[in-house]
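A single chain, nothing else alongside it, follows as C-alpha cells in the form predicted alone.
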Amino acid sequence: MSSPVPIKTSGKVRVRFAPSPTGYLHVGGGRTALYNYLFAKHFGGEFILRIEDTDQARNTIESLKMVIEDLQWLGLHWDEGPDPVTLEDKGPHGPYKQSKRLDIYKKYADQLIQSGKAYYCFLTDAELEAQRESAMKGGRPPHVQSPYEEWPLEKSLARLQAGDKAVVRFRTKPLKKDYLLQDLVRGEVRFPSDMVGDFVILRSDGMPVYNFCCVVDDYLMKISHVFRAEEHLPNSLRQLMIYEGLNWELPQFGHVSLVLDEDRQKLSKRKGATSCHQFHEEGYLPEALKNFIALLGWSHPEGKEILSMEEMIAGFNGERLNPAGAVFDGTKLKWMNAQHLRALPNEDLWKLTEPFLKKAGVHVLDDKSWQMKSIETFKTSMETLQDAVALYQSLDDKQFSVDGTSAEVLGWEPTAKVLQTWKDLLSNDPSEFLSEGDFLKIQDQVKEKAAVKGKNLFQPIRVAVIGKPHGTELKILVPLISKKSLIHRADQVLNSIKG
C-alpha cells in the first residue's frame, strides 16, 4: 500500500451515505455518515442520503425509519434524499430509494448488453454449483464459465421471449489488465482483472446487484467523493470495470478503517451496544458520540480530543484518515460523554435528564430553582444521562426504603438516640430546606447531644437520609431534600428499629 493520493475538490463536492435499512444504525455506519457529512460541510458541498433497499426480504419501512431516526438524533441532516417525516424524496436526482430505480438500472444494463460488455446467462443454480465444485477440486478459481457468453443477442432474446429466465452478466475475459484505484486513504491499490469472473449485474427477477446499483447511482447523482468502510474495497474491481464499460468518470474513493472491539475483531453486538440507538437509550449525547467516532480513524490537525461539530467540520478535509483499524474503547467514550455533558448549561442538561427520570418513575420537585440546584450538584457525578436515575432516586420519597445493608447499623446501641436527636433538631429548624452549613451544624449538635462520633454518628444519619449506610456525601444530598421529607424518613427508620 502506498501513500494516500491528494484529494481533488475542483468541482462541486457531493458525497453520499447509502445504508441498507435492516435496523438501527450501527456505529460503524454512523461514522461513515459522519465522515461524509464533515467532508461535504468542510468544502461547502452537499450530503446525500440514498437508500439501498433492493434486498426485499430484509429491508423494511420500519427499519428505514430507524436509520433516519438515528441520523436525525446525530444531527447529520442531508441535502437530498428521503424526507425525514414523510419519507418522500426531495432533491433533483431521485428517486433516492434503489427499489424505485429499477427502470434506470435496466436502461444501463441494456446499454452494456447492446455494446457487448454484458450478456444474458441462462445457467441454472445446479449448473453453477457443479461448475464451482469442479473448479475447487481442480484448484482453479471458481469463476463462471458460461456457454451463453458468445450467444448472439438475438438468440438470447428469443429464449427470453419464450419465457426462460436469465441473469445479466458483465463480460470480464477481454479485460486482461490491472485496474488501479487511487485511494484517498490507502494510496494506489492494484486489482488484477482475473480476480473475478463474469459477474451478475441484474438478477433474473430484474433486481440489480449492489455493485451495479452503486455505480449507476453514484454517477447519475453526480457523487464526487466516496468515503466508505474498507470492507467495500473488494467491491472496487467490479465497480471499476462497470465504470469503464459505461465510459463514465470515477468519483474519488477513500476506504476508511474498520471499527474494532477490544479483541481487534469487527465490532459486533456480542460485545455490548453497537447501534447509535442503543447509545441514545443509554444516555449518551449525540455531540459526544460524534466526537468519539470521528476520532476512530481520524485525528484533528491540532491534536484536540474534545471537539464541537464546528471544530470537526473546520478540521476535516479528508487528509488525516488512518487506514489502520480503530478500537472502540467504551471507557474512553464514557469519559468523553462526561466532558460534553458537564459543559452543557444546567437548563439544557436538565431538559435532557428529565425524560430519563420520568421513564424510571423517579418523582422530583416541580420547581425550577430546585431543579437547577440539583443538576448543578449531580452533574459532576454523571457520565451519562442514565446515571441521573440512581442519583435522583435518593431524593424521591416514594422510593425511600431501609436497605438490608443497614441492619448492623440499626442494631448499634446508640443508633436510636442518634436518630431521635437528629429528628428533634430537624423539627426545631424553621427552614424548608437545610443549607450545607445548616446540615453540618445540626450534625455537630447530634454529635454533642447523643455523645457519639465517627461511624456511630455518620452511618445512622445516612440511613435516616438515604436508607443505607454508604453512598453520596450527605452534605450534598441533604440540601436537596425538604426538611419535611427528612423528618418523615427519620420516623420510618425509627419505627423499623422499634418494630
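Heads up: residue numbers just count along the shown sequence, starting at 1. On a predicted model such as this, the values are computed, not experimentally measured, just so you know.
Here the subject shifts to the form predicted together with glutamic acid (GLU), a form of this protein not shown in this document.
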Are any of the heavy atoms in Ser20 no more than 4.5 Å from a heavy atom of glutamic acid (GLU) in the model of the complex? yes
Heavy atoms within 4.5 Å of glutamic acid (GLU) in the model of the complex: does Arg238 have any? no
Interface membership of His143, glutamic acid (GLU) in the model of the complex, 4.5 Å heavy atom rule: no
Report yes if any heavy atom of Phe400 sits within 4.5 Å of a heavy atom of glutamic acid (GLU) in the model of the complex; otherwise report no. no
Report the residue, out of His93, His232, His363, Lys304, that has at least one non-hydrogen atom within 4.5 angstroms of glutamic acid (GLU) in the model of the complex. His232
Just give me the single entry in Arg228, Lys379, Arg171, Arg101 that has a non-hydrogen atom within 4.5 angstroms of glutamic acid (GLU) in the model of the complex. Arg228
For glutamic acid (GLU) in the model of the complex, the stretch among 83 to 91, 402 to 410, 146 to 154, 210 to 218 with residues bearing a heavy atom within 4.5 Å is 210 to 218
Pick out the residues of 342 to 369 whose heavy atoms come within 4.5 Å of glutamic acid (GLU) in the model of the complex. none
